[in-house]
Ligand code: N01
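Single chain ahead, by itself, as structure tokens, in the form predicted on its own.
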């Protein structure tokens, strides 16, 4: 999915690929392209499709793996599926009338992305095994210089679509290196390892854990679930899509667009509870508690699984079989984190000890510290990781001061707690397409976001974030960085984000001319006058 390296704890995987040959690409790297895209997941393929739809063909998609698909290629663990309805978890310009269920499964999403690549003739632009090791802005040539595993090239614009769920996060557990059994992350599932009859520990209780636990529970001899914080779990209202419905969507595409709109509006109706009135979530909390009570008769286990924070503060999970799996013989919930490992024995923070054969980490990803930031160097040789200093920020979630002609897809404060990320990705792609149009129209060598514009944008986000459930709900989540700030989620409606990213405001950018110039000499930058039509309000 991304241009960053796969962590060393990734294990070999054996999995059936979609029917299309993902591994084929068009050959070597060109010396120069107008646009270089990093990553071939939803963001990268969406960017490629939008470029082709706009008539632009001078671009390349650099993918570190040997197949497209991003997080839906990597997460092949048992039970992997999406918790956003199928109609909404797809591009508006590339509907799929053939979804088999109301919530899409991993392999279906992967096949869908293969179809998007074919429909929009993206295979000629794809380069696999092309991990981006370094991307450096050169002010003299006004180009990005990219070093990849397959060679070097230059680009006028870089679109980083490596995504938030690209690089698994493994906690630093003392003694883990000495564990004699099998260890892997849920996003690097070892399909060669047979779990049948094994004593298995699962670390984490997030979205991946609640999907894989019910799948492996019947096969293992013992299941130990390490849970720092219980999750709010609602029933999953899933069903099969009938052949008649699929026929209708193929024959009358307007019916599928109407179904998509209905799902979108129902999801969007919940945004107020997340961002302004968290008290409204108490009704959903009651439904979740009823779900827990009906599935878990043991009061001691039920107490362990009952959250003590406001629903929505952490990601709300959907499952019909997670709680029943934890009531099976041989299943145990440890209401504490993993403290240390001593040989085959796992010691929890509550003092309990558990001997196991296999450890599966379902501990999430580098969401607030993306590894690609360590490899991107902007003006003055400063890396993106240095510029962020542990607190990622971007103007309209897309551009960063000091990194000219560099655009992020799924950048800071673009995540959601209530709707589909594909909608947000399309909004950002609208902005990036207008960014390219602004370059064509005004003809500078590059656009560089102004620090003041980014500060205004981020300050407005902070004001909107203050009353949200993510700030007031009483939990610690993966949405927060080490400083306790939320650089991950968008604290408003998706429609507001769509409006905010409809057009590039040139007043928020410095226009950089071609040729060498002193880094600190601002007189070398063209500025647009501040008038009513281009004034930056800083409001998201």
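Note that the coordinates shown come from a computational prediction; the quantities given were computed from them, not determined experimentally. Positions refer to the first chain, counted from 1.
Note that the form predicted together with the ligand isn't included here; everything after this is about it.
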{"property": "Candidate from 285, 386, 352, 229 lying within 4.5 Å of the ligand in the model of the complex - any heavy atom", "result": "229"}
{"property": "The single option of 444, 278, 364, 95 touching the ligand in the model of the complex, heavy atom within 4.5 Å", "result": "364"}
{"property": "In the model of the complex, segment of 241 to 249, 202 to 210, 287 to 295, 422 to 430 with a heavy atom within 4.5 Å of the ligand", "result": "202 to 210"}
{"property": "Close approach of residue 101 to the ligand in the model of the complex, 4.5 Å, heavy atom", "result": "no"}
{"property": "Touches the ligand in the model of the complex: residue 338 (any heavy atom, 4.5 Å)", "result": "yes"}
{"property": "Non-hydrogen atom contact residue 396 with the ligand in the model of the complex at 4.5 angstroms", "result": "no"}
{"property": "is_contact(residue 73, the ligand) in the model of the complex, heavy atom dist at most 4.5 Å", "result": "no"}
{"property": "Stretch 169 to 189 - residues with a heavy atom within 4.5 Å of the ligand in the model of the complex", "result": "171"}
